[in-house]
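Just one chain is shown here, as structure tokens, and it is the form predicted alone.
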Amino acid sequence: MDVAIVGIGIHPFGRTPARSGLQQGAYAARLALQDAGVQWKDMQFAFGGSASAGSADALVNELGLTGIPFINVANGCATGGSSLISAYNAIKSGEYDIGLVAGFDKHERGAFNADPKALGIGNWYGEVGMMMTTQFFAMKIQKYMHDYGISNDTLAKVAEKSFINGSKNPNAWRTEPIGVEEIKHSMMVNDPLTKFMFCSPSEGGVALILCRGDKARQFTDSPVYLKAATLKSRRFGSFEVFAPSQALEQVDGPTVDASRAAFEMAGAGPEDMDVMQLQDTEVGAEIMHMAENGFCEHGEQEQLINAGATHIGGSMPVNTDGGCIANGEPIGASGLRQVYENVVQLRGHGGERQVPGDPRLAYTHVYGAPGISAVTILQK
């Protein structure tokens, strides 16, 4: 049985002092219901997540007390992807015909402040500074740049592309382009990553309406089908966020495993994807994830980026809405934002950021601590 996305809604990302995170999630949910031409009372189930703005199931207080089973999901930056996969499986099982997925958040300013003990690590891990994810990502991309010859200019070009795309997205937080030189010479956070090479914790909400594929055209003339939805966690030997050690023999991370499983499920390959949204907590993540998701070989990224391949009009458009770099990262909503963007692209509604050539297959990838990856493949 196919599963289709028949409604989408988004609350603009960034900072919205006048609305709580919960209200931003409800705003997105109402738009998604309207887009599908249904009402909240028609929903048979819901999944959702929020890291800093309360329990997602509190959305029923905003939308209506209908007795609906609403399950909270928490899986780091992969929360949105995990919520979507949970809903996908609920419909795929035959238990439900239609339901809602929602994610929202409202984070404080500044870097995320995780607790080592909550992740099964001793206090020493925080005392040496490794709980600061900015430091971990800087270390990881430093090694990658050394191993594969990636330059600082390439890091800056990834951010520049993200800000260009964000300037074409009315729902983005950062809507002004920023040039390579300004990005390179902005405040150093953790070498080699400067201020404009990182995303920031932010606010926003996204909601999707999913239903059985054979009922999709009851709700929309432009259904988008989930051809694959996979989730993998880390294996021994992969070096991930909040890993307390690095094995002598390394293995591929969860992104590689989730990607391979998704391509197999969809019966497609990386070369078939027309548009892709890849986790870009910082610019190094986007670069590494290009290869880990199978879109190029390790070390080929610099040539592809210099050639403009990852731009909207390029051969492999990446993060067409500006990604996390331009949108920020409200944890509960971030993975669903990727799916929202791909539905927009497959419907042909991207406006200035629309990928040319009538895209038919779209790919999303999220990565979360302490080593979880979720991938979807959408087809119109």
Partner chain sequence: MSNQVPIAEGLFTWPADQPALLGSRCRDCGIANFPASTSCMACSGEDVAVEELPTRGTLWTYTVQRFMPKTPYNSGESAESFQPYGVGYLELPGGVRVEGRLTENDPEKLRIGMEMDVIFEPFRVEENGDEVISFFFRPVQ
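Positions refer to the first chain, counted from 1. On a predicted model such as this, the values are computed, not experimentally measured, just so you know.
Keep in mind that the form predicted in complex with the partner chain is missing from the display, and what follows is about it.
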> Which of 239 to 247, 151 to 159, 91 to 99, 70 to 78 has heavy atoms within 4.5 Å of the partner chain in the predicted complex?
Replying inline: 239 to 247
> So in the predicted complex, does Asp191 come within 4.5 Å of the partner chain, heavy atom to heavy atom?
Replying inline: yes
> Phe219: heavy atom within 4.5 Å of the partner chain in the predicted complex?
Replying inline: no
>> Considering non-hydrogen atoms and a 4.5 Å limit, does the partner chain approach Glu297 in the predicted complex?
In response: no
> Hey, in the predicted complex, does Glu264 get a heavy atom within 4.5 angstroms of the partner chain?
Replying inline: no
> So, Gly126, Met130 and Gln135: all three within 4.5 Å of the partner chain in the predicted complex by heavy atoms, or not?
Replying inline: yes
> Pick from Val256, Ile178, Ala114, Ala309: which has a non-hydrogen atom within 4.5 Å of the partner chain in the predicted complex?
Replying inline: Ala114
> Just one of Asn171, Ser233, Ser167, Gln142 has a heavy atom within 4.5 Å of the partner chain in the predicted complex. Which one?
Replying inline: Gln142
> If we check the partner chain in the predicted complex, which of the residues in 254 to 285 reach within 4.5 angstroms of it by a non-hydrogen atom?
Replying inline: none
